[in-house]
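Here's a solo chain for you in structure tokens, the form predicted on its own.
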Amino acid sequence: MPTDQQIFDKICELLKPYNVKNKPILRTSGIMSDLEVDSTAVFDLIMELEDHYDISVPMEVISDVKTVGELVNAIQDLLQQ
């Protein structure tokens, strides 16, 4: 089971190509608002996380997640199921 920090690090790694302005990625960073990642890229990110962790992220979870920290928590919750 990956740790909270490992999940955060993986998300940061996957966000890097979409973070064109090279803004610092914090747990409080809004994925679309602060990092300016568009919705198509968010779906790409989710698909990469699903493949990496062999999970399925429900659509309602995707729409509820706004920050990097919320995404970390959502992935962690799905891994514990």
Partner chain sequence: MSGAGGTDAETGSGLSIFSKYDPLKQRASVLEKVGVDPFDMTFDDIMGPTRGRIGNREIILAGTNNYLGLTYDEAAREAAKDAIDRHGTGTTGSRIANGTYVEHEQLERDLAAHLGKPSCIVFTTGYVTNLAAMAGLAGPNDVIFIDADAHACIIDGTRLATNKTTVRFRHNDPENLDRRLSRQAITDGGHALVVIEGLYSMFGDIAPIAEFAEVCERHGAYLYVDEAHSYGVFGPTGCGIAEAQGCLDKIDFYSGTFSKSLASVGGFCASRHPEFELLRKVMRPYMFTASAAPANICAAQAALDAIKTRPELRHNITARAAQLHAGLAEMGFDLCAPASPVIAVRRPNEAQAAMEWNWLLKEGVYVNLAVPPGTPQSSCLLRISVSAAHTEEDVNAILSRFKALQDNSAEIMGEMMRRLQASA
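Nothing here was measured: the structure is a model prediction, and the numbers come from that model. Numbering follows the first chain given and starts at 1.
Omitted from view is the form predicted together with the partner chain, to which the following refers.
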| property | result |
| --- | --- |
| Triple contact flag Q6, I25 and D34 to the partner chain in the predicted complex, non-hydrogen atom at 4.5 angstroms | no |
| Distance check, V20 to the partner chain in the predicted complex, heavy atom within 4.5 Å | no |
| Contact label in the predicted complex: D64 to the partner chain, heavy atom within 4.5 Å | no |
| Heavy atom of E13 within 4.5 Å of the partner chain in the predicted complex | no |
| Sequence-ordered list of residues in 21 to 43 near the partner chain in the predicted complex, where near means a heavy atom within 4.5 Å | D38, S39, T40, A41, F43 |
